[in-house]
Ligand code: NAP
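Shown next as structure tokens: one chain only, the form predicted on its own.
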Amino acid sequence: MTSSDQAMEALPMYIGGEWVRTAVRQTVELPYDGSPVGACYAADAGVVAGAIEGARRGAKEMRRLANFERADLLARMTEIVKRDLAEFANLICRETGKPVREARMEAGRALQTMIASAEVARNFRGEAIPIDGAPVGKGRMAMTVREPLGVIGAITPFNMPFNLMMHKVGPALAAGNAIIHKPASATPLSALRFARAVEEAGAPAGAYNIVTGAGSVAGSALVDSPHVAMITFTGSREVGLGIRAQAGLKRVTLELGGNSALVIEPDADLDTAVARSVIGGFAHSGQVCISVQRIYVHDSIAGEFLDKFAAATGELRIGHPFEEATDISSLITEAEARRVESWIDEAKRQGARLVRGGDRNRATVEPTILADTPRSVRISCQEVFGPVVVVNRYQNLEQAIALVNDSVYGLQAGIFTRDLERAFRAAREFEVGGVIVNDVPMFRADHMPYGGVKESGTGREGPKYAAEEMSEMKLICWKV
């Protein structure tokens, strides 16, 4: 531990309305160069047990709040985050290593997620049931109400630490639950800072609890606890499958990533498709669940597309994340960068053609384009989570649809075409949770339903849809 690390203030956990420190301190490093940028504490089993008890008390208080009180609470949190948005963006940049412009965008999106969550809280409701639609219901009335589950366990990833936590925290509170949040070990800073906003907003003690440290300690305890009603997890397929197997009858929402595909038809606006593909493939060095990983281009325009795509990719600037001009910074760790590099090398050995990029410097991988890549190599059929895009050709739309669906994943897909009938044919036949027409699959509005099929996960996010997942429907029927 360096002297600068020793002097760095560690951010405490927030549990049951109290600030908690432990004997074990962890350093947070800037992925770009490994320099220390923050510190936190590591929870042990006792701390996690305390968080569960604190959340159980908080859940009772949250359950008593009326819709408008939950909405007003979330609105106060939103105003505090808005006031301190620059600080949150700085923390996001420091912990993830993403370019500062992207960090500001993430902070702004998190704000929109909170605004949407407050609106959900104010309008959260069941529905009237036409029970007399059947003879047995004559002389009766019925309605449903939405009731909170209780304690929600949320486990979030490193790539968008602030906005993705809001996609779990906001809906959980909107539905009247308490939440225990376990951020990724590498990126706890923005979440720990958010706990101060929770306290300042006057949330009931235990409504929001954050535990930091190893996932093997906190995450496993949350999944095992009979007092945690639901686990909402965003992360790797392997960890998600483990949670599903361990959770038993506990409610589980899983967002497990993908290898998103984009189809570019002959009539597409090629310049727009190129510009959006550069953003969709290389934003945050490809560390986005819905990054463009596979592009299928019609054979008649494939050469022109590749030339333009390679030229536009070459204009991206690699640099330090705090430099305003930087487009590409680093992956989350050097180990991840080495993994991506090995996948590129495997693809080349198996016959893929390197169009541009492919080099690595520490944790930074140059934006890479591969063409004519075999389906069997990992970079085609698994989630690369790095700045690599595979471009292959197709002859007709039916073949393109089959190529898109030739994946164990099914999160989002995109298609560029001016032909409405062909667009909707693809939209109906793509085996994914979301289809984006005339844009890349990386598009996401934070209030839309979001989630996948197949091995991309279960359940849906987006504040309205997540709040429904985090609540129980109760039927009330009475004779009149």
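Values in this document were obtained by computation on a predicted structure and should not be read as measured data. Numbers follow the displayed sequence, beginning with 1.
Here the subject shifts to the form predicted together with the ligand, a form of this protein not shown in this document.
In the predicted bound form, which of the stretches 309-317, 209-217, 189-197, 270-278 has residues with heavy atoms within 4.5 Å of the ligand? Contact-bearing stretch, as computed: 209-217.
Just to confirm, with a 4.5 Å cut-off on non-hydrogen atoms, which of Leu164, Ala261, Ala121, Val388 contacts the ligand in the predicted bound form? The residue from Leu164, Ala261, Ala121, Val388 that makes the contact is Leu164.
Can you pick out, from Phe158, Trp343, Tyr296, Phe88, the residue that has a heavy atom within 4.5 Å of the ligand in the predicted bound form? In short, Phe158.
Triplet Ala184, Ile243 and Cys289 all within 4.5 Å of the ligand in the predicted bound form via a heavy atom: Checking in the predicted bound form: Ala184, Ile243 and Cys289 are all within 4.5 Å of the ligand.
Phe233 within 4.5 Å of the ligand in the predicted bound form, heavy atoms: Because a heavy atom of Phe233 falls inside 4.5 Å of the ligand in the predicted bound form, the answer is yes.
Proximity of Leu411 to the ligand in the predicted bound form, heavy atoms at 4.5 Å: Answer yes; at least one heavy atom of Leu411 falls within 4.5 Å of the ligand in the predicted bound form.
Would you check, heavy atoms only and a 4.5 Å threshold, whether Cys93 touches the ligand in the predicted bound form? Outside the cut-off, so no.
Report whether the minimum heavy atom distance between Glu383 and the ligand in the predicted bound form is within 4.5 Å. Yes, Glu383 is a contact residue.
What residues, if any, in 445-480 have a non-hydrogen atom within 4.5 angstroms of the ligand in the predicted bound form? Heavy-atom contacts within 4.5 Å come from Tyr450 alone.
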